[in-house]
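Next up is one chain by itself, shown in structure tokens, the form predicted on its own.
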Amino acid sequence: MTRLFALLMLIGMVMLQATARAEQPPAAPLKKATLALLWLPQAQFAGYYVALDKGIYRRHGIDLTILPGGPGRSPANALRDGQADFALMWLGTALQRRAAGLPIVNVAQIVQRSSLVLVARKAAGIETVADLAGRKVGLWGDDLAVAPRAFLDRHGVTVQPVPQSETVNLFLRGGVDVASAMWYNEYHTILNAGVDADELTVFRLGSDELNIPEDGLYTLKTILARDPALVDGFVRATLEGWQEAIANPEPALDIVLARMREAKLPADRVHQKWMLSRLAEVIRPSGDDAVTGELSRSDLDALVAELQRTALLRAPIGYDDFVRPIDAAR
């Protein structure tokens, strides 16, 4: 009798669980979305890879595909052509594409402070901004040259601009006196090439009067109007991914390095660790624990004014029309 009673109880429990499962509404299908990055896999994009690999996007109802960037791959064009739902862009690029007619909206500003620097050798007699006068300065093209040119212009310094490629080899070989570099990337490459930090003069453009935020997330106005829940879920998941990557860098680096190996790229853990650590400083410049992800109104207004002054932007672009407040995603 005891065994019979136990069997009946077990059958009853199984039936109750089956009934409960049947009464639950079916899970909503995941929404497919695609993110276009600025470059090939590296720690610059750790937060997105962490959010993808750890299932954070799926938890927010999104089946995300990440498109790597690289030479000839424009995130803005991927967004324009319908190949991506979200794209990473520097603020200067986004403003110029918006002015050219691409109806994009900033939905999160991941990198809050500029990481762009000018690097020179002290042995060349360069220790102050005035020492840059007449020197050969390597500059990247398009909006990547906006901050250096504005910096030099405000200090009244005229230089000999030299087109700079994706590497700092020209600087290392003495072809230019000054190189453009990202604090989290090329600057560390120069150090790894055997140049001691004490031998260098570094001009941090982000600490000057004009701060140009870099990696921001954008979508089209049509996508935002059609599915604001998708946009909000994507932003929340991305901020969680960055929070996780910064709080736990070693597992995040494991994920990044695996992506790099898949892409058959050199996977230097030391360099990628430097990159992630330096990025944390500009993603959370105040040192707070939270990743805020909001574009500053003053940063936007200052850059719009600078682009208009240099004729790279004809008409002003207003904050309220260009930015979706981050609170909308929370």
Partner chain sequence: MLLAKTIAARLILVTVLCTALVFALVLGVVDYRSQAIVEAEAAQSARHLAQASVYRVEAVLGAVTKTTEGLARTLESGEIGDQELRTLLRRSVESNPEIFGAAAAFEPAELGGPERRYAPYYFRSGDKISSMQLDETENYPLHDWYQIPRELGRAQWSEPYYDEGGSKTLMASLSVPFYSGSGEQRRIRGIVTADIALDWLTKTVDAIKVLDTGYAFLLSRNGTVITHPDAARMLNETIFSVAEARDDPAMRELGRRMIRGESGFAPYLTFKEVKSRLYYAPIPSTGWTLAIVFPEAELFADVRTLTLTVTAMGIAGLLLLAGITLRIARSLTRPLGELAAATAAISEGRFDVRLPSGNAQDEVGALSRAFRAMTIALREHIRRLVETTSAKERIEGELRVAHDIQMSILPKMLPLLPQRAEFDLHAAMVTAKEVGGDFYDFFEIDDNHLCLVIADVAGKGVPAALFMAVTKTLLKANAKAGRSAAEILGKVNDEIARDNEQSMFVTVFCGILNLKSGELVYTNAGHNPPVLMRRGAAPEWLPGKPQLVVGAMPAIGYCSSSIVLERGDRLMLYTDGVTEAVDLDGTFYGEQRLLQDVAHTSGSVRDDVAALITAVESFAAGTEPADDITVMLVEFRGPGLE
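Numbering follows the first chain given and starts at 1. Quantities reported herein were computed from a predicted structural model and do not represent experimental measurements.
There is another form of the same protein, the form predicted in complex with the partner chain; it is not shown, and what comes next is about it.
Looking at residue 250, you'd find every heavy atom of it more than 4.5 angstroms from the partner chain in the predicted complex. Heavy atoms of residue 28 never reach within 4.5 Å of the partner chain in the predicted complex, leaving it off the interface. Using a 4.5 angstroms limit between non-hydrogen atoms, residue 173 touches the partner chain in the predicted complex.
The shortest heavy atom separation between residue 196 and the partner chain in the predicted complex is within 4.5 Å.
Of the candidate stretches 187-195, 94-102, 234-242, 112-120, only 187-195 has residues whose heavy atoms lie within 4.5 Å of the partner chain in the predicted complex. Against the partner chain in the predicted complex, the set 156, 159 and 301 makes no contact: no member has a heavy atom within 4.5 Å. Note on the partner interface in the predicted complex: the residue among 136, 149, 204, 221 having a heavy atom within 4.5 angstroms of the partner chain is 136. Out of the listed residues 268, 63, 294, 281, 268 is the one that sits within 4.5 Å of the partner chain in the predicted complex by at least one heavy atom. Taking the partner chain as it sits in the predicted complex, the stretch 145-173 comes within 4.5 angstroms of it through a non-hydrogen atom at 162, 163, 164, 165, 167, 169, 170, 172, 173.
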